[in-house]
Structures are given as C-alpha cells and as structure tokens.
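Just one chain follows, in the form predicted on its own, and it is written as structure tokens.
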Amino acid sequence: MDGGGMWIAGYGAYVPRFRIAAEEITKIWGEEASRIKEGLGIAEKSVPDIDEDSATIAVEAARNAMYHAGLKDPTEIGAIFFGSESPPYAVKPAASIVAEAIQATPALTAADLEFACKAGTAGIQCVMGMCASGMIRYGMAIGSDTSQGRPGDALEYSAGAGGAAFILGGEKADAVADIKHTCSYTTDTPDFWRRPGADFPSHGGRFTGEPAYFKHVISASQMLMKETGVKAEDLDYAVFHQPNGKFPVQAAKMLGIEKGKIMPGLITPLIGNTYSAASMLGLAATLDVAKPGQRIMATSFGSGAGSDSFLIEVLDGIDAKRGRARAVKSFVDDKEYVDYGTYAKYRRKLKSL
C-alpha cells in the first residue's frame, strides 16, 4: 500500500512505573531460570499497578497522543482501533472505553483488533485506509498490553506492560511524519497461543525464532525495501518487534542494518516485551529523537504469524511538537522496583484468591 501523504499527526506513550528486576525473578526459580534469563537480554520489566489494565494504559497513551497532535476537538477522531492480546473483557470492546475517555464519542467507529503482538500496527493500516478513502479526517490506532507469563516460564522474564497510540490524518503542515509505504507478510505459523479460558499463553520455544519471528520480520522488511527501492544504507533508523533484547539486533544484522540505527527504539531490555505496544513504543522512542528528512523502517511481528512493515519519513513539523507530551524515555526512566511477592499480587498470579 502506498501511503505517501498519509500523515502521522501525533503519537503518545504510556508505561507503568513499577519494575521487577530479572534477578528478582531468578531468585524464586533457581538455576534453570538463570539460564533462561541470560538468553533473553532483558534486565527488568514493567509491571502494571493493581488497578491498571490494557484499557487504562490505552487511555493514557491516547490522551498523550491528543496532546502531542494538538487536537483540541476530540470529535475530529473518526475511528479508534485498539490492538491487544490482553483486553480486559472477553466480550466488550476496549476501543469504546478509550473513545469515551477522550470524549471522541459518539460519531465514530471503534473496534478491538487481535493479532498477537501486531494488532496495533494492523490498526495503523486500518486507519490509513479509512483516511485515504476520505471516510474520516483523523483516526487513532493503539497497541496496549499487560502481557501474561506463567510463573517460572521464560515469558515471566519478558512479559511487560505498556501502550502507544498514533493519530493519523489531517494536513502535512501539521504532521510529524509521512508513512510513505506499508506492506505485510502473513502465514499460518502457530508459534504462540492462548486457549479460551486459559490464564497463561503457551509457546513453541525455539520455534518462535525460526520459522516465526525471523521469517516474517525479514520477509516483510525485504518486501518493503524491494517495493520502495530503499536500501539498508538509505535508512537512518529501524525498529523491529522486540520480544526480547536479542532478536531485533539479529534481525538488523540479517538485513545489513547497522546496530546503532535500532538502538533508540530498543527499549525491551528495560521495560520488557509490551506485546502489541512493543514496535509502536519503539517507533515512538525513535521519533522522539529523529530529525526532519530522516527515514525510518518499522516492522512489527505477531505470532500466528505475520509482520507489518512501514517506511516513514520524518517531517519538519516534528520539531514544533516536541515536548507537548512525555517522551518514551521519561517513562522508561521513571520507575519504582517491586519484589516478587508484590509482582505476583499485582499480576494476580495466585489463582486461588
């Protein structure tokens, strides 16, 4: 899909301030857990407060996006798509909660999307289509998760919480970036799943690397580069889905992209894998430091499996909007550590209670 003229009007982030260190989890689960921890490249992860869920996180990110975009009339938002794999309700949209909270109701469409960790970027593509068709003037796509991990499982070291919201539409003069092109790569690769009624997800272990993550991220990125004629050396930054601290580094190497170009957006080692928000938070963190004229490739990944890839050009308007909303780094740096007992309580891991 050609997106030239598909403007990013603003974006916002939110990450809970509580953290649990990987070492704290290792103390509970012993030597095998220590081996798992070393393989993930994650030092600590974010922990939602006891009254936080993916909807409340999405509301905070959406409000920050509104501040950043400078939209004074929320009813200009014609669509909200909420992407998550940890929605607070099995049957009840969270998108409508966000819409009401930012006072965008009632004249809009809203829906929840689910595609593991790429539901948020799928929402961006939905908004792109609606804006391009003239159905709406502005739309919002959100990726938000309070991801789960079975006690003692590798996911317990990586499953974090956070959200990011992007507002698309409007005019170039008021935009921070232009989505020049997007494409997707999708197959039926069941590397990760959670059955109805299950409290925790299951995963295919090493299978989630190949043929899941790397096949889809690399294929979607190569497809984007081929369709746009952009080479690795033409990119100023790259953002990849970050289920851990090591996969994005390896993906960049496979594509011939310098490691330094992915570092501004590589935040999983400090807040964990925020699932639907992971690549969107990485993109937001990169935009926080990017300069007009620079180009960013952002490629998401969702188990099951698929990747969406975007070529984004930063516009002059980004400088005028810096500081309107909190930068991603401020959320990463603002933290308070909790012990395993508090973490287990907040994440409701004691299922008999």
Partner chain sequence: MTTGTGLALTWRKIPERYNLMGSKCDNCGESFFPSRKICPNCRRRGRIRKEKFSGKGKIYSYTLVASPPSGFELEAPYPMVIVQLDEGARVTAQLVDTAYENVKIGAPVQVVFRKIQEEGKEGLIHYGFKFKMTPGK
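Source: prediction; values computed, not measured. Positions refer to the first chain, counted from 1.
In what follows, reference is made to the form predicted in complex with its partner chain, a form of this protein that is not presented.
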- Message: Only one of E313, E44, D288, D53 gets a heavy atom within 4.5 Å of its partner chain in the model of the complex. Which one?
- Response: D53
- Task: With its partner chain left out of view, choose which of S202, T109, Q103, T186 has a non-hydrogen atom within 4.5 angstroms of it in the model of the complex.
- Result: Q103
- Just one of 117-125, 160-168, 173-181, 92-100 has heavy atoms within 4.5 Å of its partner chain in the model of the complex; which? 92-100
- Task: Give a yes or no on whether every one of F18, R326 and K345 sits within 4.5 angstroms of its partner chain in the model of the complex by heavy atom.
- Result: yes
- Contact label in the model of the complex: D49 to its partner chain, heavy atom within 4.5 Å: yes
- Item | its partner chain contact in the model of the complex: E60, any heavy atom under 4.5 Å | yes
- Y14, heavy atom within 4.5 angstroms of its partner chain in the model of the complex: yes
- Query: Any of the heavy atoms of P190 lying within 4.5 Å of its partner chain in the model of the complex?
  - Reply: no
